[in-house]
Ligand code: AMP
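Just the one chain here, laid out as structure tokens, in the form predicted alone.
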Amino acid sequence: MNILLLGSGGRECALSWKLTQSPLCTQLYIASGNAGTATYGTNVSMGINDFEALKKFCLKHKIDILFPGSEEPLVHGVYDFFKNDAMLKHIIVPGPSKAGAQLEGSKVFSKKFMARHQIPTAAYAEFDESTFEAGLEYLNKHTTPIVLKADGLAAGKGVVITSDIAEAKVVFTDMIRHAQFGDASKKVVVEEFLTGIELSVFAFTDGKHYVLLPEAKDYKRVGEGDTGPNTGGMGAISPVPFAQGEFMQKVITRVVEPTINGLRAEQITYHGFVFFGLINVAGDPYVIEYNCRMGDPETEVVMPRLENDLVAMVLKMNEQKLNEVAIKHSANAAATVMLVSGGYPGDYAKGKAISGLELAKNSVLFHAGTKESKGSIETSGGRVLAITSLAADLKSALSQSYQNAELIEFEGKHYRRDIGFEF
């Protein structure tokens, strides 16, 4: 089968690595990819939200599966575009409709969805320009810490947590009145702060049935001890030690099944990944957020632990026969350490030469923000490289990733040295 994968980060590199392991994958194209994805398939210079360009490419190259890696094309309706076009509707798109993608595309939508289906989540209120003054009053009376979230897509950076009410009001004002996150923060959700340990759970659904992939935990803050600003993710581990037994049964019965059943009950077309961003509060799972695709850098630990053929799973999804799939998890632990550019998640330089890639042993290097330039590999983003290792236990996997993190060099290189510190 010919596959076109949309995206250019570490997640897409890991998906490329996984998809090309399938004997069902004839040719893989990646739009627009990076220096790492080029080792698994053919990078294509094409905008992932340029649906007309996608159409022309898919018809010319006889694409069988359009695989959206990132959320943007899904939120903008790429599934609907393909399924409503007579020339494209035969192409399999493992992703939700535009309506389904609102689980990620709108925090307000997802909160209301959870309320309708009694899915546990933090208490909240929503505000926009018309209720701006009421929002300031609400903040004055709110307990701290306070969580403020831009309603729309903000590249994983639209969440601010503060224990200072004055700072919360400044952030609130910046979001709504100064468009800190553009249109994404025209609406702002103010949430109660939940105390616990976060984790990510992933379902793959055909709209009727679902299977659970290996769970993961990522680390958002840029600094050790979960300090500093939020990033797109500084590392990840899988499995998560407490994600088993009674707790996971609660996740399934209180969160996963009500979500899948709720989408079906509301006649929302949803095929593909459902990412549940959860927090374990004294043994009970609460939903922090939904995503309509796989996470990053969680994909970099989930795909190495998933022993099933991903292309075969997509075909079963298309046939609505995921109930016939038995998911196989590797018994090994996976650990990813992300190398990032100096200054990230703020301003950072690009075009820094990367050396030592050939020295890394017993790890998979999933490229994120890289490009090839005149025969060498250079940095091209904030998150540069995900170093993933598999080992019998988490400590050993982390040790291997850290050994290789020391060997790879580029100017301004930074990484967290405490991934998996809770365990």
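Remember, it's a predicted structure, so these values are computed and weren't measured experimentally. From 1 onward, residues are counted along the sequence shown.
What comes next is about the form predicted in complex with the named molecule, which is not displayed.
Of the residues Glu192, Asp309, Glu72, Glu257, just one reaches the named molecule in the predicted bound form with a heavy atom at 4.5 Å or closer; this is Glu192. Val147 is the sole member of Ile252, Ile197, Val147, Ile268 with a non-hydrogen atom within 4.5 Å of the named molecule in the predicted bound form. Although the partner is absent from the chain shown here, none of Ile3, Leu54 and Ile92 has a heavy atom within 4.5 Å of the named molecule in the predicted bound form. Residues placing heavy atoms within 4.5 Å of the named molecule in the predicted bound form fall in a single listed stretch, namely 155-163, out of 155-163, 125-133, 175-183, 348-356. For the chain shown alone, Glu224 is not a contact residue for the named molecule in the predicted bound form, no non-hydrogen atom being within 4.5 angstroms. Although the partner is absent here, Lys220 lies within 4.5 Å of the named molecule in the predicted bound form, judged by heavy atoms. Glu289 belongs to the set of residues with a heavy atom inside 4.5 Å of the named molecule in the predicted bound form.
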